[in-house]
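Listed next as structure tokens is one chain, alone, in the form predicted on its own.
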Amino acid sequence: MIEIRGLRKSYETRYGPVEAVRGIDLRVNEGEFCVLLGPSGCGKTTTLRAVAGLERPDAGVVVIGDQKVSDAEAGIFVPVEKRDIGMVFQSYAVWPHMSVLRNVAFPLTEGWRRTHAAEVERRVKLALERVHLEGLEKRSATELSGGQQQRVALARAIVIEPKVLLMDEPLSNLDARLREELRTEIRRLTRELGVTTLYVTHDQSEALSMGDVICVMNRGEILQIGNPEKIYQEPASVFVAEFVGKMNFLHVRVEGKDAVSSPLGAIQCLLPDGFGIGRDVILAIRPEHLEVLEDRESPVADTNTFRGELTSRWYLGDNVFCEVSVNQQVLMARVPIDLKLELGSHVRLRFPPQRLRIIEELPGNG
């Protein structure tokens, strides 16, 4: 497992000090796949590098397994080569002058992990089989595709049989189809090995499809930790809601136990405890949860249904998205492919109460 307590790291720049990580706490249980998700500059890679030993924290404690590898106050800092970790970087980081076999075997033939020849051969063979590169042992690394080179890097990381696997945006240099393929492979492999994994990405679909736990970061802080469904369905802040998938927002005011007033009109919703009457909050709903219906001449009876105009529509193969303007508010909805509506046509937009999320606007949400 990985435990981080009170981690801080600052950098000096010509504009003054920059706090990359601001006192975060995180625990990754044994065998868990934890994704650090956030925009560039949020502190996710700095956190990963502190766990790896590539950065010396200014404050805080890092524990890997039963070994305290970093404690700024106690002056403990175990160098990277002495930590029981495997690493896969954004760049493939393979040696172009070496064969696939020599690249994968390198951690076992050099440095303090040196292993006898028979064991090296066994481990390399097994690692290559696990990443589906068997038969390519003699090929030069420069003769491989980008996806194959990243598989070599992955095999090199697991050949040492580490307790912890650290991955820093390993798929960002690959094309979309290959990224999707390797997501599945990495997830299968980490489950098969039972290795504790810390994975950095800015891609929300990657995080949702791979993580047992997602840790959303921004400005050096952790905003929310939870499983993918929790993060997606119950975002704790506007930033999390906006960063993890598409989301519609309305500024509303609490008017009763289960009702808010909005620019569209009165909306019924399920209000969490502690939101008193007169309080200004954010109402959020995912595009796929908005219901778009053909307009009828009869009056609108449902308080959560509003007339609007279809202003745009775009086709994405398995999905169709559209924008509907209601009282000068533009909302995005995902609609069935077979719902044929012309631009400019009038529609009804329904807000299912059970799908609405009330979020308090907190400092740091943006």
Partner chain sequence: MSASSNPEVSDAIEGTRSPIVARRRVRRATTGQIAVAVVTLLVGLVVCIPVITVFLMSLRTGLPGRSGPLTIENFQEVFLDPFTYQVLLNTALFALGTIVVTLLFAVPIVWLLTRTDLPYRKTIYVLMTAGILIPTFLRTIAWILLLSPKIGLINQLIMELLGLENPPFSLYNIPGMAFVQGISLVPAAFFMLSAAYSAMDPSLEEAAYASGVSKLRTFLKINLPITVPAIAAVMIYLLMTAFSVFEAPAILGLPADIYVLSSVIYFAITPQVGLPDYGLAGAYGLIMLVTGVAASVLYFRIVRESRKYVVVTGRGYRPKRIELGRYRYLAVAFILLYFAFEIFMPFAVLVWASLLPYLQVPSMAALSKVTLAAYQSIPEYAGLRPFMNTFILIGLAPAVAIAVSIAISWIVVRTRYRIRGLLDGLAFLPHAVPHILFAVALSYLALVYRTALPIYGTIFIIVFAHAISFISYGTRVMNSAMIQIDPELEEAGRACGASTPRVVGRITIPLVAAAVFNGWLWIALLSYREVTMALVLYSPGSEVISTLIWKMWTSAYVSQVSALGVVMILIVLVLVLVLRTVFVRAQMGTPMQG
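In this text the structure is predicted, and so the values were computed from the model without any measurement. Positions refer to the first chain, counted from 1.
Not on display, but discussed next: the form predicted together with the partner chain.
Participant: Going by heavy atom distances of 4.5 angstroms or less, which of 87, 171, 131, 247 would be at the interface with the partner chain in the predicted complex?
Facilitator: Selected option: 87.
Participant: Which residue, 93, 290, 208, 283, has a heavy atom that falls within 4.5 Å of the partner chain in the predicted complex?
Facilitator: Contact residue from the list: 93.
Participant: Would you say all of 147, 313 and 321 touch the partner chain in the predicted complex, counting a heavy atom within 4.5 Å as a touch?
Facilitator: Verified in the predicted complex; spot residues all out of contact, no.
Participant: Would you point out which of 74-82, 254-262, 115-123, 191-199 contains residues with a non-hydrogen atom within 4.5 Å of the partner chain in the predicted complex?
Facilitator: Checking each option against the 4.5 Å cut-off leaves 74-82.
Participant: Is residue 111 a contact residue for the partner chain in the predicted complex, using a 4.5 Å heavy atom cut-off?
Facilitator: Flag for residue 111 set to yes.
Participant: Indicate whether residue 32 is a 4.5 Å heavy atom neighbour of the partner chain in the predicted complex.
Facilitator: No, residue 32 is distant from the partner.
Participant: Against the partner chain in the predicted complex, would residue 70 count as a contact residue? Criterion: heavy atoms within 4.5 Å.
Facilitator: It does not: once the partner chain is placed as it appears in the predicted complex, residue 70 has no heavy atom within 4.5 Å of it.
Participant: With the cut-off set at 4.5 Å between non-hydrogen atoms, does residue 58 touch the partner chain in the predicted complex?
Facilitator: Outside the cut-off, so no.
Participant: Go through 23-58 residue by residue and record those having a heavy atom within 4.5 Å of the partner chain in the predicted complex; state none if no residue qualifies.
Facilitator: The stretch touches the partner through 45, 46, 49, 54, 55.
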